[in-house]
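Okay, so here's just one chain, in structure tokens, the form predicted on its own.
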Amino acid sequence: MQFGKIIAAGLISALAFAGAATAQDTIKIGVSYPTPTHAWAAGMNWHAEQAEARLEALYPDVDLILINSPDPAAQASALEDLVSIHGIDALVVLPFESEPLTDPVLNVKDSGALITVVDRGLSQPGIEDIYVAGNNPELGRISAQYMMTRLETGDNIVILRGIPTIIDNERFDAFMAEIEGSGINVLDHKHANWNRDDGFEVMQDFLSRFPDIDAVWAQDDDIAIGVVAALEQADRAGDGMFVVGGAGMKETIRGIMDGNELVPVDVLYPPSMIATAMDVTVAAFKSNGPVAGRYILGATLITQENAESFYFPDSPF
């Protein structure tokens, strides 16, 4: 009986959103995300703009309203405006931070809007109708699996982590679990805050302390840029040394396409996930199939063989 109630509730919700789509001339969808301050976020912004143009051309009755905000308070204010000024039917939101954006998103939900949350979950479960994110544990596992194809028992690696967050812990814990029992030695791991300058400084420290490093897991392409600079400055970029980053930065993928031996692969954490979220949200109004649920995108290993599929030359990232 309870199962039947859940199905009925889901059907009523789906019909409500479908009714909203037919009861008015324009479907208004707000898209809210942090102002780009680093490369991955700049790529996200580019993909959001591309998706906006594509979807509005495909559906003339869909109005996508893109707003980026420099801090959590500004994003909360932007969400209020999307409801009070624009009267949105749905919200796609990548929260600046989870805790301070939870109540503002809940207020949008209470207005009757469909909620799609991207990447960073809210602190209260169940608010979103749709969730779209990269696969952080898989990013760690795929990185480890590749490194194990190149390394042997007794080889040494160092790890440069991101910002101390749940996302970083998921990546790191999955990586460590994957290499357990492989005989690969992790000499040290430090946070480099997904930042190329911090990556350079942390790698300089590692190079000063460890004369024998066979590979580096940088976890992020910005960090990897700093790592490569430190390796080249110290003249330790040869002898089979390699670096594995992550995300899918344009310059990194271009290098992989060209056969870069120092950074031979990358692991995808797509900035285009915001476009996926926009697609699914529009589908909630345009499709006759169910779309509510969780969409966890794969952490694909990008190699020279498949790199061209992930290369967007016009993107800033």
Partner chain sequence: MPELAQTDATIRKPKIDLKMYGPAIALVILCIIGFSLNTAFLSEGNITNLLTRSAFIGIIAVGATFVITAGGIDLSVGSMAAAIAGIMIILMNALVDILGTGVLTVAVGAGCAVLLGALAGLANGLLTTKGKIEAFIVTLGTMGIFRSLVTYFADGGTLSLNFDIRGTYRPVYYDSLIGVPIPVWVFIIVAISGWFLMNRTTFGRYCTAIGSNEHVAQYSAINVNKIKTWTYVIQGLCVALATVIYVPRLGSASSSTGVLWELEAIAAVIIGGTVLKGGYGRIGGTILGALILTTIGNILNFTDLISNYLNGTMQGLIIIIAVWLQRADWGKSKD
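Numbering follows the first chain given and starts at 1. Remember, predicted model here, so these are calculated numbers, not experimental data.
The same protein also has a form predicted together with the partner chain, omitted here; what follows describes it.
The partner chain in the model of the complex is approached by residue 233, whose closest heavy atom lies within 4.5 angstroms of it. At a distance threshold of 4.5 angstroms between non-hydrogen atoms, residue 187 is in contact with the partner chain in the model of the complex. The partner chain is not drawn, but in the model of the complex it has no heavy atom within 4.5 Å of residue 130. Proximity of residue 37 to the partner chain in the model of the complex falls within the 4.5 Å heavy atom cutoff. The stretch that touches the partner chain in the model of the complex, counting heavy atoms within 4.5 Å, is 161 to 169, out of 176 to 184, 70 to 78, 161 to 169, 141 to 149. Not one of 66, 84 and 270 places a heavy atom within 4.5 Å of the partner chain in the model of the complex. Contacts between stretch 185 to 213 and the partner chain, counted in the model of the complex as any heavy atom lying within 4.5 Å, involve 187, 188, 189, 190, 191, 195, 196, 197, 200, 201, 202, 204, 205, 206, 208, 209, listed in sequence order.
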